[in-house]
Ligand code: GFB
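One chain comes next, on its own, written out as C-alpha cells in the form predicted on its own.
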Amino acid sequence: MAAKDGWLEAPYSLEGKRIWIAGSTGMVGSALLRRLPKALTVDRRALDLRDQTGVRRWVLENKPEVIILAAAKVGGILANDTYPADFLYDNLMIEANVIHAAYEVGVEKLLFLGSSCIYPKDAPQPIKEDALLSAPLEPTNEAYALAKIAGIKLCQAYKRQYGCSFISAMPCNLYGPGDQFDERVSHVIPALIMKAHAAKETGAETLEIWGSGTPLREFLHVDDLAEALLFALRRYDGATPLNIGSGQEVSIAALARMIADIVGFKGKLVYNKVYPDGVERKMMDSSRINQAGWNPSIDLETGLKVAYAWYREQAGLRDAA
C-alpha cells in the first residue's frame, strides 16, 4: 500500500527476484550489476531493444519480475545537437518496447531511468518534479529530452490504465566508472579528463574548454545513483518522476580546474565561446528522496579521482605519471 507522496509503508523486497537490468553494459547498468550480480542481462548484439518482436520474445522467455530500464542512446551537447533523429527514434523505440513487454508479461515492478534534461530550459532552480512540461526545453538536447518525457508518460499511463507498478527516476549529470570516454559523444567530465590528460602528456601550455565556463552543473557519482535506484525500487511507487541529485553544484570553470589538478595539468585554461553552453544553471531539487532516507555519499573530488583512475586503467595508462 502506497503512503503519502508515493512512498511505500512496507518496502518492496528484491530478495530472490528475477531482475533484468536493461542496458547492463552502460555506466548506470554496470554500477547496478556490481550490486546485483545475479541479475539477468543480455548483450545488445544478441537483442536490439529497438526490435519490438525481439524484446517481447526475450521477456516472455526469461520472465523477469523486476526490470530496471537503464538502456538508452546517450551523448553530450554536440552529439545531441548533431544527431537529433537518432536520439529521438532510438530512445522512443527502446522504452516503448521494454515498457509494453513488461506490461504484457505482468512484471511486478519497472524502473525507468530518465534524465534531468526533461525539465524546461528556464525552470525555477532548484528544479522540482512538477516543473515537467511547464515551459520550452533546451534546444540542443530537445530530441533526447522528448524521448525521455515520453518514457515517463508511458510509465504513468500504464500505471493509470492498468495499475502497473512502473516508476521513473530522474538523475542529474552522472559520471564515474563505465562512462563514455569518446571525444565524439562524451559528456563534460570524461571529455575534460581526456583533454586534460592529453594536454599534460604532450606538455601543452593551454587547455581548451568548450563554452564560457560560467554554467553551473550538478554531478552525481554513478555508484551513488545505483544505491538511489535500489532504494527507489524498494520504497517508491508513485506516478511522479523522482529527482535524484547530489545537492551540490559547480561551475564548468571550477570543474575544469579541479580535473586539471587531479590529472596533473598545470597550464592555462582557455575558454572557446564558439561552442554552446546549454542552460546557464541546472540544479535538481532532490528533497523528496532525501527526506525518505537516501543521500549521496561520494563527494565530487573523490569521485573524479576514481573516474580518472578508471580511465587510465581502461586506456592502459596505469603507469602514467
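Given the structure is predicted, the values throughout are model-derived calculations rather than measurements. Quick note: we count residues from 1 along the sequence shown, nothing fancier.
The form predicted in complex with the ligand is left out here; the points below concern that form.
K.L.:
Does every residue of 115, 191 and 276 put a non-hydrogen atom within 4.5 angstroms of the ligand in the model of the complex?
P.N.:
Judged in the model of the complex, 115, 191 and 276 all sit within 4.5 Å of the ligand.
K.L.:
Quick check for you: of 211 to 219, 96 to 104, 224 to 232, 121 to 129, which stretch puts a non-hydrogen atom within 4.5 Å of the ligand in the model of the complex?
P.N.:
It is 211 to 219 that comes within 4.5 Å of the partner.
K.L.:
Taking 4.5 angstroms as the cut-off for heavy atoms, does residue 197 touch the ligand in the model of the complex?
P.N.:
Because no heavy atom of residue 197 falls inside 4.5 Å of the ligand in the model of the complex, the answer is no.
K.L.:
I'd like to check something about residue 282: if you look in the model of the complex, is any of its heavy atoms closer than or equal to 4.5 Å to a heavy atom of the ligand?
P.N.:
Yes, contact at 4.5 Å.
K.L.:
Any of the heavy atoms of residue 82 lying within 4.5 Å of the ligand in the model of the complex?
P.N.:
Outside the cut-off, so no.
K.L.:
Taking the ligand as it sits in the model of the complex, is residue 165 in contact with it (heavy atom to heavy atom, 4.5 Å or less)?
P.N.:
No, no contact at 4.5 Å.
K.L.:
Exactly one residue in 169, 88, 154, 77 has a non-hydrogen atom within 4.5 Å of the ligand in the model of the complex; which is it?
P.N.:
None of the other options qualify; the answer is 77.
K.L.:
Any residue of 238 to 267 with a heavy atom within 4.5 Å of the ligand in the model of the complex counts; write them all down in order.
P.N.:
Contacting residue: only 252.
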